[in-house]
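Below you will find one chain, with nothing else, as structure tokens; this is the form predicted alone, and questions on how it binds or moves follow later.
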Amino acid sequence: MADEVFLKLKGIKKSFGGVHALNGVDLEIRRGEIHCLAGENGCGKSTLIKAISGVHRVDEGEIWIEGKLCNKMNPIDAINKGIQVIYQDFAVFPNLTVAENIALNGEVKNKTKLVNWKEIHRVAAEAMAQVGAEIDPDVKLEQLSVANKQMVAICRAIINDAKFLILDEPTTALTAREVEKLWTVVRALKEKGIAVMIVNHKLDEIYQIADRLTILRNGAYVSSGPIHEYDQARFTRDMTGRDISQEKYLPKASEEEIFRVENLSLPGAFKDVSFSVHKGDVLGLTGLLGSGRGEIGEALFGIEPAQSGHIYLNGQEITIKNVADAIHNKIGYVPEDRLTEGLFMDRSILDNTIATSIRKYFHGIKLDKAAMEEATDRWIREIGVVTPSSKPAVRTLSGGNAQKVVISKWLNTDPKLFILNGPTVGVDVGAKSEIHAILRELAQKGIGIIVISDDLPELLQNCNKIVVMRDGRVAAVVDNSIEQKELSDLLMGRAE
């Protein structure tokens, strides 16, 4: 069964306003296989998904489904042919129950005039049993975790006779344990003969789950093959068109202390946390969900300040009771959710860059707009934001470029300590490498850098010291010579 081709694309082209979004893409998906589609932001992955699912009509090329040419599909045609897409927002109804979300599509499809609640619960229970989901069918979706919302979306897909399931960046907001559970579900779907395509650019996750991999770059097909044919070097080269260094960050040891916390505590979040950052250090802070890792970052920025303990910056003890205290002490903070917490998406790059440092551009009651533009243009050049000018809205940028704008916003305040929570979440491999290089350079210049992340390869490559949190306490402090499995065991409490 795994050798039977379900979907075959040949020479797919699609343009918008003269710009090639897809320029000669080939793809083959077999029944009962797990296929990963990878590429940098803007490479055409989303457009390709919409072409497969009937949202976009292709300009050139052929789409074959189960041996039949299907170039003129609409979304309903694609669903009827067994194609289901689960986007990052899952397209669920937050005000409806789990059972309703799973079963109502089928009721509508079957043109049922009266709702049979017993049948809806039966269908939902059957779907959840197939994927091993244990969720209360009467709970409203808005009360569920991201992982459980995703499970509901998968359940809805499989009860609608899915033959080919597309998961768009399914692990972005999941913890390591939730990712493992998702992979268990995906493997179960494979055993049932369902083909699954996962859009992902995290090679460590792709290795865990994929049978085969296809890579796009700038709208064009680059390569495809069994996952074992791709090592890190080939993967990044095919993704970006260039070789990216995989060397670990090993700064020269320094006695110059930039930042230190002693016995920092916040009841219900963390207790007796102590660590230090020296010049050149990129300090990693990691742990499972609920370990206290994120809460420490928020405490140091004054969002939810610690209630006891001591904080020292450049040898002086400081007090942080609120965000204003943190900013006054030259502490910058990049939040985990840059879209809702870190940026004004509909404002320009310039407006975002000077948002936190706007006071220094006032001369009396007037703003020095020339100085604001000069500063923004300098940061665009220095950290490599890909944009024609400082005028476009941040919403128009890729994830990696938007993250660079958040970083430039804080660099424009001349920070002494820079805390970044999930700095490369949702960022492609090329932009990720560029952001890592920026952080290393800042550390070498004497800015204290703290990276909060559960991306173990990212931590091991870019943090020379790693603080492991578990149950609100420091479980270990290690350097990046540790193996990834050892670090994972520390996180899980399987090793000391």
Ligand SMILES: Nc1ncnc2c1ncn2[C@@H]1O[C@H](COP(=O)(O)OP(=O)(O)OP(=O)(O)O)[C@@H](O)[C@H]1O
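A residue's number is simply how far along the shown sequence it sits, counting from 1. Take the two forms, find the largest set of C-alpha atoms that superpose within 1.5 Å, and that set is the rigid core. Since the structure is predicted, the reported quantities are computational estimates derived from the model, not experimental observations.
Keep in mind that the form predicted together with the named molecule is missing from the display, and what follows is about it.
**Student:** At 4.5 Å between heavy atoms, only one of the stretches 410-418, 396-404, 232-240, 306-314 reaches the named molecule in the model of the complex; which one is it?
**Tutor:** Careful reading of the contacts points to 396-404.
**Student:** Closest heavy atom of residue 42 to the named molecule in the model of the complex, within 4.5 Å or not?
**Tutor:** Residue 42: yes, in contact with the named molecule in the model of the complex.
**Student:** Even though the named molecule is not shown here, does residue 444 get within 4.5 Å of it in the model of the complex, heavy atoms only?
**Tutor:** Output for residue 444 is no: heavy atoms all beyond 4.5 Å of the named molecule.
**Student:** Spell out, yes or no, whether the shortest heavy atom distance between residue 464 and the named molecule in the model of the complex is within 4.5 Å.
**Tutor:** Residue 464: no, not in contact with the named molecule in the model of the complex.
**Student:** State yes or no: in the model of the complex, is some non-hydrogen atom of residue 53 no more than 4.5 angstroms from a non-hydrogen atom of the named molecule?
**Tutor:** Output for residue 53 is no: heavy atoms all beyond 4.5 Å of the named molecule.
**Student:** Quick one: from 21, 478, 9, 475, grab the residue that has a heavy atom within 4.5 Å of the named molecule in the model of the complex.
**Tutor:** The residue in contact is 21.
**Student:** Could you check, with the core superposed, whether the Cα atom of residue 436 shifts 2 Å or more between this form and the one not shown?
**Tutor:** Superposed on the core, residue 436 moves its C-alpha less than 2 Å between this form and the one not shown.
**Student:** Taking the rigid core as the superposition reference, indicate whether the CA of residue 56 shifts 2 angstroms or more between this form and the one not shown.
**Tutor:** After core superposition, the C-alpha of residue 56 moves 2 Å or more between this form and the one not shown.
**Student:** I want to check residue 21: does it shift between this form and the one not shown by 2 Å or more at the Cα, with the core superposed?
**Tutor:** After core superposition, the displacement of the residue 21 C-alpha between this form and the one not shown reaches the 2 Å mark, so yes.
**Student:** Just to spell it out: taking the C-alpha atom of residue 399 and the C-alpha atom of residue 197, is that distance smaller or larger in the model of the complex than in the structure shown here, given it changes by 3 Å or more?
**Tutor:** Residues converge in the model of the complex, at least 3 Å closer.
**Student:** At a change of 3 Å or more, would you call the C-alpha separation of residue 399 and residue 167 in the model of the complex closer or farther than in the form supplied?
**Tutor:** Compared with this form, residue 399 and residue 167 lie closer in the model of the complex.
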